[in-house]
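A single chain comes next, written as structure tokens; it is the form predicted alone.
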Amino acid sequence: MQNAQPKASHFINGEYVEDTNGRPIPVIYPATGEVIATVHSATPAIIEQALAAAESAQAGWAAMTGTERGRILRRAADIMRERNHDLSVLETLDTGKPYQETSVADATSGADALEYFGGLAGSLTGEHIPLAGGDFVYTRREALGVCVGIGAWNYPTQIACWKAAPALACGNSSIFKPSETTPLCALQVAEILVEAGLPAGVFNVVQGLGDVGATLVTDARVAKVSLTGSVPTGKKVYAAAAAEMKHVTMELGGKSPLIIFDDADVEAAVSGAILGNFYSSGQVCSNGTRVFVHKGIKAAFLKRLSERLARAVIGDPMDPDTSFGPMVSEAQLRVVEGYIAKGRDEGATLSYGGARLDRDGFFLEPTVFSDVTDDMTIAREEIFGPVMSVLDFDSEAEVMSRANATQFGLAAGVFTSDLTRAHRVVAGFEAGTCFINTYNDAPVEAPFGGSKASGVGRENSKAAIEHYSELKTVYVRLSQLEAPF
């Protein structure tokens, strides 16, 4: 197996830094179960070094023009695209996702974010507001300061860039803590940014578990926290940040509904359900894991779904023909196996898959349960694995009520040939990111995020600028000022 050992565990102040006093974190290749690298969790000294570097570098970075900052981000995007193959291989080693997927959806998405926000950086201006008598107000858009990003393990390169790009475009400095499960890719992002001309200390990477994240989140020098993760983790981080009145963006989990009406193109609907349940082996926060299918087409949908799933190529993630890879870890596989057992125990019909494959690594078949009811555990809790729950329905009013009956509100989708109904349905969804006749698109130009327990704030698009900067209002009086005494 290829050795993926990085030059050091952390990237601080423009260079790799090591401190072997930190707890060793083994990096395991999910396709084989082998240890391919080891990094060390950040010690208090490493955390202090990163915070000091980010604080020291921020003012100088903010003092540059947005155009100058943007030029560096766009240069980094170019480098990332030039190295897409190597970055995709590393992403596959880090996550186990097939190269067929990482080569088109990971570093490429990160590069898109750097390019988009690099292009936007020079346009971040305030406004002039005229008042009576020649007086006026103007606003300034200013950086927040030091921003902390905490990443998830499913899209390590993409998430690092989704958090870094808007933060840096606005003039902030950043400290990014990857998931301990996938620590390798963010180091490459940091290296590329510095190569593109980013001043030392503006973007730093530190490794560690939850204790490292907690230390960063509660430090007085940190102005903003952005987390991608589970709802329970998000609630803890949000509470800790709120106690210090820090800005937050929370991109959390979901149990999103995907509604398929009887007038839908069944082939397209099956494609949407596959993309919304089995891409990245089901390890996507926005997945439409509650698939509501109209009773009139349920049998046809399930038949075609099984035929399509049988075409999945499960194997070596480095093989470009492989289209379905392993789970990210043994622990996550066991979590998903537990949910499959609950689905069986609670009376759902196992329509496809459901078994761990007899091979090295953490491979689990794509799994489909039908005859699922709203009260079953697999229909209520986020599984974060390749498990689809198919529920049936009769009427639009009924299915909308059931679709919204959840604490989550990240995403939702509908397949129908009636566009009037499609727009009516998405208007009724209690979710932040919705899809019509498609699923899980995530262009950087569009805002992404959830409602209810699924999150706070938005990533990507111009909306992200609001979450990484603040407005200063300046009142200017040219007329005579008077007071009552």
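Throughout, we count residues from 1 along the sequence that is shown. Keep in mind that what you see is a predicted model, and the values were worked out from it rather than measured.
Below, we turn to the form predicted together with ligand NAD, even though it does not appear here.
Screening 156, 201, 98, 253 for any heavy atom within 4.5 Å of ligand NAD in the predicted complex leaves a single hit, 253. A heavy atom within 4.5 Å of ligand NAD in the predicted complex is found for exactly one of 131, 355, 335, 214: 214. Only one segment in the set 372-380, 300-308, 232-240, 344-352 has residues whose heavy atoms sit within 4.5 Å of ligand NAD in the predicted complex; it is 232-240. For the three residues 209, 384 and 410, a heavy atom within 4.5 Å of ligand NAD turns up in the predicted complex in every case. Ligand NAD is not shown here, but in the predicted complex it comes within 4.5 Å of a heavy atom of residue 179.
The closest non-hydrogen atom of residue 228 lies within 4.5 Å of ligand NAD in the predicted complex.
Looking at residue 29, you'd find every heavy atom of it more than 4.5 angstroms from ligand NAD in the predicted complex. Although the partner is absent here, residue 113 is not a contact residue: none of its heavy atoms lies within 4.5 angstroms of ligand NAD in the predicted complex.
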